[in-house]
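Okay, so here's just one chain, in structure tokens, the form predicted on its own.
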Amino acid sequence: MARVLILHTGGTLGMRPRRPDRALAPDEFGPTLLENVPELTTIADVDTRVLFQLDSSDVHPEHWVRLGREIADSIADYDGFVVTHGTDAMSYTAAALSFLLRNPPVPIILTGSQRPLADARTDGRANLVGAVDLATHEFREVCIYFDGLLLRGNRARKRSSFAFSAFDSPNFPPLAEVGAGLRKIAEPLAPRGPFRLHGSFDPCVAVVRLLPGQPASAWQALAGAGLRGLIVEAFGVGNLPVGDGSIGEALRHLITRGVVLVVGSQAQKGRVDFGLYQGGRLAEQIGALGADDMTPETASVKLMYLLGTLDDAKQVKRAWHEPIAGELTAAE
């Protein structure tokens, strides 16, 4: 029987309502998991560890590194890993692990729930059973499993805080669908070398959404903020306003101060293409990088990762468009 390690980091799945206000708070997890979901023992030989008990909005880059190190230190002892995690920032953690854990030889599946495991109407039981089962298959990459869909972790984003189908993958198909059986859809990544834990993160990155008529002063104020990276969520395929050149100049000034500027899109689907409109050509002219078809979550984590791992901005810019773990589609 396959061996699977469940690493608990917190989130709704392991919470229970507390009196008097019924707000959700962390509950015991490891000791009671197999009592609540005994069917897991029919799928795999399961071990559990509680790394930390956090609402995912409190998960920081140091937690990503700790989680990555825990998996790396145990990877020779297990056939797969399941990480239980809060849904709000799950896609950030999945992207971070996909960059830290190069060429994993086993599946690493993140999952969680919209309702606590102790709740009668929980979705957590089905998600946990599905994730443990998938961790015994040949999906040797970092994934998110939720409500019957297995998604590449760095392609997924949270789409709903209400529906059980909480995640989707706007620019890449699901790896598999789980129903009466397992239906593979997209080809999982194949290792391109030996497994290793590599890199770190610099959190001095900001994401700012471009608004119609936004004054340039909002961007000029960022010059003294100590940023090393900035992601601008621009219009359409990555267009900046060109009628008033002040925003372009403010962004150019940030680049001259050593900030790595990435321009993404406010659209859910599609990719950034600087060649289609004047606004995109302006972004290219001032020295911005395009976010390709990465999700905003993955683009921000990748920028943190490259800034924390490479020596300088020039290296970051050279590495930006190179896929690390299937997070972007190469331009044709």
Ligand code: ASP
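Note that residue numbering follows the sequence shown and begins at 1. Everything quoted here is computed from the prediction, not taken from an experiment.
The following text describes the form predicted together with the ligand, which does not appear among the structures shown.
Residues within 4.5 angstroms of the ligand in the predicted bound form, judged by any non-hydrogen atom, belong to 51 to 59 and to none of the other stretches in 296 to 304, 280 to 288, 267 to 275, 51 to 59.
Contact annotation: G86 falls within 4.5 Å of the ligand in the predicted bound form, judged by heavy atom distances. The ligand in the predicted bound form is approached by Q114, whose closest heavy atom lies within 4.5 angstroms of it.
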